[in-house]
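A single chain, nothing else alongside it, follows as structure tokens in the form predicted alone.
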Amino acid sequence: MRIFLSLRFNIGLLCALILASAAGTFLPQSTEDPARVEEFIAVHPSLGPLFRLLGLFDLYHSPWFLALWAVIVLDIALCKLSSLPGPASDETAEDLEEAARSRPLSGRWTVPDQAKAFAAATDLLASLGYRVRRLATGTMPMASSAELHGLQAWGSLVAHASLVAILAGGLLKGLFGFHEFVAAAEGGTAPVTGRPGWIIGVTDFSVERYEDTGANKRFTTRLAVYEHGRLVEEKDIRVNDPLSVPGLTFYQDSWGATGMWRSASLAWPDRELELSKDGPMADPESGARFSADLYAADFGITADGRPDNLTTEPRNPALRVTESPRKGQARTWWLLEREPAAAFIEDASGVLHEAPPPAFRLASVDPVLFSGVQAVHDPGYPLVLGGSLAWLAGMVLNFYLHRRRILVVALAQPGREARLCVGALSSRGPAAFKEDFDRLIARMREVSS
């Protein structure tokens, strides 16, 4: 048990937590970006497998990190319990007088009558709002302890208990919770692997943009949650407006294009042609047949000249269109919706070649979008929430209340004058209480003489 109370052990635990958290910050985590983890392992063939074996790519769920977390929770609890005061001892009045004199602020003077002076001093403290408690000594009960803003003493205990609750909540999440990214296309569904039998469905998805810049303003998902085929809940979710069901919360995370398209059209100066996903469409004017298959939301070209989709957000939408004229060889075009003057021909090997734009252009394309949702099960959330509120209460008690403790002892011995001894402690130090204490002593002298 002593090792938990050791300062060196506590510093070692703190350093271990800092180093582990740093590793989790700088190394990619499989729960957030599994592609980057595989890329890291490919680039570092010696370190990558070792890091994976140590659980560094899923640090916050690794057994050793959870064990470290549990030890820290236990350590904080034991340290605070060891600092709680023990049972009061039976002290004599002389012992209490020495205790009062040894306090940072103290005063002592003779009085004509021990009992009257003691009663006057304690009554004065009570009238000033102090909570006065009579102390029974081994000889004569002429000692009292007075306290103002005693709740401040609970601040440290509440703060430490709340820290234990927060850490315990995090430990529960690491042991029994999960955080999963689920993507579903419009009109489609996707399973929640962390909860077998649960599926989400995206009934509808919409994106609002600013009129002046075209930047994304808000995106909304009409999300339906099913448990073994039964509809549990359906709601429009947005960023910071999740859908919550017992045990699970679904947050709007991201969105993008799936690579599929719903409708598209080609345009000539004098006509348009609607394309079909079911097969080629003939242009009545030229007799050529047109079909489209691949959609790129953010069209780009790789270093070896092949088409690429840079991101899932439709920043530079493009469509691959095959033109089959009545006579001549078919050609495969990549047409850009927002840049009609740019066009590329794809050869049989999949390499792009820049070419003069054809007589037609890509007039419009309506992509099938997906909604990315974070499914979170956090059994420790109530503890973390309650602990956070309690920590705030503890900080208020610690820093906004000025706790003052005063010990009053009256002594009368045969052949000696009666005397009154007063000692004080302040949670903010003697300097913050000295002026008030001096005024208090002056009034006590007045009422006790």
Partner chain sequence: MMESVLFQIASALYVAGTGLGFVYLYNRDERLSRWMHNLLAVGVVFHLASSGIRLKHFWDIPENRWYLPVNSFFGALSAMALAITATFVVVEGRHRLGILGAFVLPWACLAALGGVFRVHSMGDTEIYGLAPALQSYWMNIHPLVIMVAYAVFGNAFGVGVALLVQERQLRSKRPQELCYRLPSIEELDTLNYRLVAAGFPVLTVGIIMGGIWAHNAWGRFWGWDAKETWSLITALVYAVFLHQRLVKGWRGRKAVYTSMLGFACVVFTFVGVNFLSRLHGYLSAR
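These figures come from a predicted structure and were not determined experimentally. Residue numbers count along the first chain shown, from 1. If you superpose the two forms and keep the largest set of C-alpha atoms that fall within 1.5 Å, you have the rigid core.
There is also a form predicted in complex with its partner chain; it is not shown, and the following applies to it.
> Just one of A342, L148, V376, I301 has a heavy atom within 4.5 Å of its partner chain in the predicted bound form. Which one?
Replying inline: If I apply the 4.5 Å criterion carefully, the residue I get is V376.
>> Check T311 for me: does it contact its partner chain in the predicted bound form (non-hydrogen atoms, 4.5 angstroms)?
In response: No, T311 is distant from the partner.
> Does any heavy atom of F176 come within 4.5 Å of a heavy atom of its partner chain in the predicted bound form?
Replying inline: Heavy-atom contact with its partner chain at 4.5 Å: absent for F176.
> Is S388 close enough to its partner chain in the predicted bound form to count, meaning some heavy atom within 4.5 Å?
Replying inline: Although its partner chain is absent here, S388 would touch it in the predicted bound form, with heavy atoms inside 4.5 Å.
> Does the 4.5 Å heavy atom contact test between T213 and its partner chain in the predicted bound form come out positive?
Replying inline: Flag for T213 set to yes.
> Which one of these stretches, 291 to 299, 250 to 258, 363 to 371, 183 to 191, sits within 4.5 Å of its partner chain in the predicted bound form when only heavy atoms are counted?
Replying inline: That would be 250 to 258.
>> At 4.5 Å, heavy atom to heavy atom, what parts of 317 to 343 sit next to its partner chain in the predicted bound form? List them in sequence order, or say none.
In response: None of them.
>> Tell me whether V384 is among the residues that move between the shown form and the other one (Cα shift of 2 angstroms or more, core superposed).
In response: After core superposition, the C-alpha of V384 moves less than 2 Å between the shown form and the other one.
>> At a 2 Å cut-off on C-alpha positions, does L17 qualify as shifted between the shown form and the other one after fitting the rigid core?
In response: Yes; L17 is a residue whose C-alpha shifts (by 2 Å or more) between the shown form and the other one when the cores are overlaid.
>> Aligning on the core only, does the CA of A35 end up 2 angstroms or more away between the shown form and the other one?
In response: Yes.
> Considering a change of 3 Å or more, are the Cα atoms of P379 and P34 closer or farther in the predicted bound form than here?
Replying inline: The answer is farther, because the C-alphas of P379 and P34 separate from each other in the predicted bound form by 3 Å or more.
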